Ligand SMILES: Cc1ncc(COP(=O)(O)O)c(C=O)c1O
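Only one chain is given next, in structure tokens, and it is the form predicted on its own.
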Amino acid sequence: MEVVHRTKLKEMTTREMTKFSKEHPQSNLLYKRAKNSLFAGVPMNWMTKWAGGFPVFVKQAKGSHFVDVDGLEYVDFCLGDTGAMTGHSPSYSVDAIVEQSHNGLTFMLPTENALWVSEELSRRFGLPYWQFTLTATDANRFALRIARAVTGRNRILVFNWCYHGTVDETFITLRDHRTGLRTGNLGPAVNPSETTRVIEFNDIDALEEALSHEDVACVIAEPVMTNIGIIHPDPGYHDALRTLTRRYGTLLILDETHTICSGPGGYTGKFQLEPDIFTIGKAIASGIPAGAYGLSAKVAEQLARVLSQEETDTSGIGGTLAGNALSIAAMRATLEFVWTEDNFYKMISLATQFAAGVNHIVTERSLAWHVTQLGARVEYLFQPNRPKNGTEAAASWDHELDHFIHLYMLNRGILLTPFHNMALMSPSTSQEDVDFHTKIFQEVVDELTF
């Protein structure tokens, strides 16, 4: 079995850091200037997560490529951490955005496009009633409030190492079988252990035990975990999840913000899942801020009974700019022209080839790594076996190696998602883009193992 040379890894990391700094002088200058007016030198603190010591500043982007302020071009497999899964500035969406911008941006009144979008979401995902938000975080936050309101229960249930946006109740983890704050959780109003139960994904016994108290308003879950590596459900797990939530009077919320990469109807549509509430965001409007949540007929009826018209604006759900005309127009263009069967077929086919290229090199070198695919999303983890839950995935995280590979790729014109080794295909991604990654992946493995 090939072994990564750790001493050599440190030396190569130093070399790559020097290379990055030398080749990105304009980005470095802008970053230093930004530190005088932007906290941490970036407009949103996650942007400090990139390898290299400072972020690349983008000048322009189109399709699956972008150019930075130093004139360097990149193949973009990050795609805004899914926000640009449509590819950068797809022409149909841009045309719709420009047209709507000339006809008003926001009214706090509906447009006819909202009807088209809600009807299309119903067709794809199976839930009859929809509402719009500006982010997936908002969609999840509102879904949790609705679940508590209609069930009369206070607790929610999440899976260990889940991620559902910046939602207070979900920043919780298991350590030594005990719940506690997730590391880095900043200023929570209350300890999430007061509001939330947390169990491991794929553990049916733990699921039933947690629900059997009959005090859980909802389970909120990605149908496939994606934020600690791609973790697929075991065969039959979703059947058990749906059966047990119904048995114990608990609502099921499925968050498909990432797993929409499974196909035009997401994982829910592909496998005919039956959530009570469905949430989505990020790429649904081709990069314009937007999110949505869908309600089953039963939940919509229950919500109508507890949501008074006189107090609807102080209910804790909704927002002045939610469902604005620009976001809705962008959603319609995305659903009608970008998230098509043909585009998903292409994206998933390229992801399969991407995974095959990585897997061939890993197998050829007998590396204790693996690659996993979910539709148009591919990820490689530095452990031999595919994890069944968040604890298994987190236990073998290799931050040193992860940082080096991101930096090595970045220095050769490839952008991966900064939070993990995730690559996402867009309708604009080409065979040449995938082959280029395979070539650079072979080079980095050669350096690490010889």
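Predicted model, so just to flag it, every value in this text is computed and none were measured. A residue's number is simply how far along the shown sequence it sits, counting from 1.
One more form of this protein exists, namely the form predicted together with the named molecule; it is left out here, but the text below deals with it.
- The closest non-hydrogen atom of E222 lies within 4.5 Å of the named molecule in the model of the complex.
- In the model of the complex, K282 approaches the named molecule with a heavy atom inside 4.5 Å.
- In the model of the complex, the named molecule lies within 4.5 Å of some heavy atom of D255.
- Proximity of A136 to the named molecule in the model of the complex falls within the 4.5 Å heavy atom cutoff.
- Proximity to the named molecule in the model of the complex, taken as heavy atoms within 4.5 Å, picks out 128-136 from the listed stretches 145-153, 366-374, 199-207, 128-136.
- Checked against the named molecule in the model of the complex, the candidates G263, G357, P233, G165 yield a single residue with a heavy atom inside 4.5 Å, and that residue is G165.
- Contact with the named molecule in the model of the complex, defined as a heavy atom within 4.5 Å, holds for exactly one of S118, N343, N227, T173, namely N227.
- Residue D81 is the only member of 77-93 with a non-hydrogen atom no more than 4.5 angstroms from the named molecule in the model of the complex.
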